[in-house]
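Okay, so here's just one chain, in structure tokens, the form predicted on its own.
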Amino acid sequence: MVEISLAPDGTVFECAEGDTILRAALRAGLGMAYSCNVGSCGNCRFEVIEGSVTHLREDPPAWSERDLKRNRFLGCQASPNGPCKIKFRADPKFAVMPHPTRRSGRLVSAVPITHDITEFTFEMSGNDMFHPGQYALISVEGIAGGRPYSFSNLPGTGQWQFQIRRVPGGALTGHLFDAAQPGDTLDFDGPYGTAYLDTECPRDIVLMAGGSGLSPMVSIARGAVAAGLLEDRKMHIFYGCRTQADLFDPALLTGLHPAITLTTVLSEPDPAWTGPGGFVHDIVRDAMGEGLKDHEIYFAGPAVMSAAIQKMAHEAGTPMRQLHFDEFY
């Protein structure tokens, strides 16, 4: 364990060997800001005042030469080389319970959802609690770095489920789809994420997903049903994919509750397709109109989709506090 102290108040927490400063801070209940957890967003940037750190990724996208000159690093990538004093602005909203922990999970099953998305189920050691919409980092020996994947199930079952899309050339998805067998043990770190279901919000809900962004939306929909939220409000789900080959059984979502409606959008539809074509954000804008600003909005998908949704929602007058998303891609 390495001791990390915070300036200016002198708060101290410990960072285990191989851990990052961000994850160690979150495990200690300290609200260090973050979103992607993989070096892409830059929200976890901090200043090193004394000591030194090393980035796990040599050239993370959100880190620059200017940051280095100012002795600023990314918490999700920084591993301390010894005792350090650092500075960042803590925010209690990032100190979400339960705090993330590292544990193992045994693969139980792999059930196809589409031609390239499979729901993997793991029996977990230790506490299995999380909030619908959160994610965990999955690691396999011999593959560098943990990969973030969103939960698709609900907590309290002793299992973690993830609807994972095969990424061409992806090391971890290649292992999961081609090599992993029931009974195999993988390493997990979580839960993480702040784009989780708000069970206290009285507004109707809009969910938007593209590709494997389906997984957290399934968990949020299941969570809303379990919490009784849909007894007095509606949930509108919009899912975008390329062609008919990418479709899933709509009952996965519509079968959860009568208050759920599902609209599937194809960006490259065949001539026989009778549903909407184009991009999810355009269909949502046309379907919801000015009423969008009165909804609680959750979304997950590729970076370009995320940016387009934020722009569309802003133009519709939606307050930023009603938008929930994590920036890992």
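From a predicted model like this one, the values you see are computed outputs, not experimental measurements. Note that residue numbering follows the sequence shown and begins at 1.
Quick note: we don't show the form predicted together with a small molecule, though the next part is all about it.
Colleague: Which residue, 172, 180, 226, 256, has a heavy atom that falls within 4.5 Å of the small molecule in the predicted complex?
Modeller: None of the other options qualify; the answer is 172.
Colleague: Just one of 206, 218, 164, 86 has a heavy atom within 4.5 angstroms of the small molecule in the predicted complex, so which one?
Modeller: Among 206, 218, 164, 86, a heavy atom within 4.5 Å of the small molecule in the predicted complex occurs only for 164.
Colleague: Can you pick the stretch from 263-271, 277-285, 291-299, 34-42 whose heavy atoms fall within 4.5 Å of the small molecule in the predicted complex?
Modeller: Flagged stretch: 34-42.
Colleague: Quick one: does residue 126 come within 4.5 Å of the small molecule in the predicted complex, counting heavy atoms only?
Modeller: Although the small molecule is absent here, residue 126 would stay clear of it in the predicted complex, with no heavy atoms inside 4.5 Å.
Colleague: At 4.5 Å between heavy atoms, is residue 155 in contact with the small molecule in the predicted complex?
Modeller: Flag for residue 155 set to no.
Colleague: Residue 72 versus the small molecule, in the predicted complex: is there a non-hydrogen atom within 4.5 Å?
Modeller: Outside the cut-off, so no.
Colleague: With a cut-off of 4.5 Å between heavy atoms, is residue 102 one of the residues that contacts the small molecule in the predicted complex?
Modeller: It does not: once the small molecule is placed as it appears in the predicted complex, residue 102 has no heavy atom within 4.5 Å of it.
Colleague: Taking a heavy atom within 4.5 Å as contact, would all three of 135, 148 and 212 count as contacting the small molecule in the predicted complex?
Modeller: Every listed residue reaches the small molecule in the predicted complex, so yes.
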